[in-house]
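Shown here is one chain on its own, the form predicted on its own, set out as structure tokens.
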């Protein structure tokens, strides 16, 4: 799945705002502090760029559990902080006709008698994997099965986009450093060739 340009633009904008707010510099912070500030900025940027999904609210709520992060989040997000902190309790339910439900229950009861052992094993595996998925996706504890799968797909796509954008940002920074180093050393090289 491709990520929209609007997501990329919003992510980079929010990421740079996070860098400015945390003042990520080698002189004022240690390595672990810089790493934490960059990760926090990237997570907040991803959540803000994606908008109001259940996993974005869960991610912001999880990040704001630590007191030191709460003030940073309020500084970066401003008015959006309160909106993203509101719990999202809506669940996605499929409207069903009573007649269809009764008919499917009758069919299920017949099948259950025949394949009871296989069904129990399959349901156990699905329940176990669903619980593991609820732990991995931010805010997944409060989601039902259908919305969990939908939010998981969206979260994975956003994580992939975050990784790609951070990689391109790193490549850009390294390229600019190489250009600035090569410009500074170019006259020195010419002078050494002229002198010999």
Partner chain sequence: MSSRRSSRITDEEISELISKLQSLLPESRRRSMSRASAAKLLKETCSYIKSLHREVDDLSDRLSDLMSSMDSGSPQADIIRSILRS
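Positions refer to the first chain, counted from 1. Bear in mind the structure is a predicted one, so any value in this text is a computation, not a measurement.
One more form of this protein should be noted, the form predicted in complex with its partner chain, which is absent from this view; the next part is about it.
Taking the partner from elsewhere, residue 17 is found to have a heavy atom lying within 4.5 Å of its partner chain in the model of the complex. For residue 160, a non-hydrogen atom is located within 4.5 Å of its partner chain in the model of the complex, even though that partner is not displayed.
Residue contact with its partner chain in the model of the complex: residue 52 places no heavy atom within 4.5 Å of it. Within 4.5 Å of any heavy atom of its partner chain in the model of the complex lies no heavy atom of residue 75. Annotated contacts: 63, 67 and 85 are all free of its partner chain in the model of the complex [non-hydrogen atom within 4.5 angstroms]. Taking its partner chain as it sits in the model of the complex, the stretch 36 to 56 comes within 4.5 angstroms of it through a non-hydrogen atom at 38, 39.
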